[in-house]
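A single chain comes next, written as structure tokens; it is the form predicted alone.
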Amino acid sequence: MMLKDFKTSLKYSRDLDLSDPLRKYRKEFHIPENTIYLDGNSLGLCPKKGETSLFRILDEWKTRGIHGWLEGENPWFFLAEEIGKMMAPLVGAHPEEVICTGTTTVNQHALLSTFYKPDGIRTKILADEKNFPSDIYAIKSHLKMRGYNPREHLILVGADKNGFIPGNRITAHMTHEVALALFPSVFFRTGQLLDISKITREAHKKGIIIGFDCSHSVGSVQHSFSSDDIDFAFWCGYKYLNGGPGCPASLYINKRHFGKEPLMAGWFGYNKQKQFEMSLDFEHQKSAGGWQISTPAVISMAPLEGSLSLFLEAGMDKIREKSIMLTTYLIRLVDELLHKEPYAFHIGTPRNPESRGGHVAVRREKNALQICEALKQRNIVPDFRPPDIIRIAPSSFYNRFEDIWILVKVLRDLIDNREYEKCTPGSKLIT
């Protein structure tokens, strides 16, 4: 698909939908009635196949009890590894390099415990000031555990005047004092996508271990972790992957690191062939699975099995292509129909598709939160990030180009009618 002969008409959006090779997947999701859902970077919608895999495992629990661990259709004992194998093509990894386990920040802690190895003057961690706060909390805690003051040993790369962090600004901070670097693949506010391959090469030239939080990219961006040679990565399962609230996260470890010791050890990271010998000496599985800690949350993990089958069927190349088209279409419509007064919206996301993830930051200096609330009252679901960002995250599976056209039309109506002035922002900002 190509976004050519651009027009602002409703017919143009419908023509794009008719030529969309992924349009058949919309019926594979439960979409709230009379709703345009554009919040897939916070919580993806429920896939019907995910519902099926969840109910199958519930039924196995009801009918087989404990025997489900080894006798389920997809035995629970190996489910984390099997989900990892399904996930691997999405991130460009070898199957044994990915495991579905834990939660995002717990996985970050487990990885930092292994990979942050201060040595001599190499004591500092390099991150950025636009990162998701939880990542920074975890980094600071590991510095403190090693006896270092975060004010002195955490280097935060600053953004430019547009709120973006250029790759060359990151690499300029890669000094001989840096032991480890950790960045998001996509920045959660602006949607900026980093050039992971280039940044990783520069880090390794300087002898720096580097990892990425890919929570805002896996499922919307086509990755190549193994060939890019990144050291580690972690991400959640409830955003673009549509695993549902409480869905376990995942992590990637480059296979050249399998011999390293997981320092946040737990029994499910033990050698699978010997796990029930119950030895008090930890012998970790020589794969990403060695970084598991606790017994997997089987029921919470179950929807991922069904959801990932859709990704494997559709192909990440087509998913990424449509994602770029949806976000490009939105950007073009905002430029044409919402930029001038009295609308005064502008794009806060890189326009180059190679530098953009799956969501677009639509910014307005005044009344952005009220406008976001007004959209919800019209059954259009985006989300908001202070002070002025309405994030629009269309899913390649269930969103249509017509959804984007309607969003822009409603935004014009809200301004023309001053309808947003009736909206008093509530206290509920979790979206």
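Residue positions are given as counts along the sequence shown, with the first one as 1. Because the structure is predicted, anything quoted here is derived from the model rather than measured.
Although not depicted, the form predicted together with a small molecule is the subject of the following passage.
Undergrad: Please identify the residue among 213, 231, 81, 97 with any heavy atom within 4.5 Å of the small molecule in the predicted bound form.
TA: In short, 213.
Undergrad: Check each of 77, 258, 343, 132 and return the one that places a heavy atom within 4.5 angstroms of the small molecule in the predicted bound form.
TA: Looking at 77, 258, 343, 132 one by one, just 132 meets the 4.5 Å heavy-atom criterion.
Undergrad: Using the partner position in the predicted bound form, report whether residue 183 sits within 4.5 Å of the small molecule, counting heavy atoms only.
TA: Flag for residue 183 set to no.
Undergrad: Though only this chain appears here, would residue 190 touch the small molecule in the predicted bound form if you measure heavy atom gaps against 4.5 Å?
TA: Because no heavy atom of residue 190 falls inside 4.5 Å of the small molecule in the predicted bound form, the answer is no.
Undergrad: Is residue 239 close enough to the small molecule in the predicted bound form to count, meaning some heavy atom within 4.5 Å?
TA: Yes, residue 239 is a contact residue.
Undergrad: I'd like to know if residue 104 sits close to the small molecule in the predicted bound form, meaning any non-hydrogen atom pair within 4.5 angstroms.
TA: The answer is yes: residue 104 has a heavy atom within 4.5 Å of the small molecule.
Undergrad: To test your reading of this chain, name the stretch in 164-172, 197-205, 311-319, 104-112 whose heavy atoms come within 4.5 Å of the small molecule in the predicted bound form.
TA: Going through the listed ranges, the match is 104-112.
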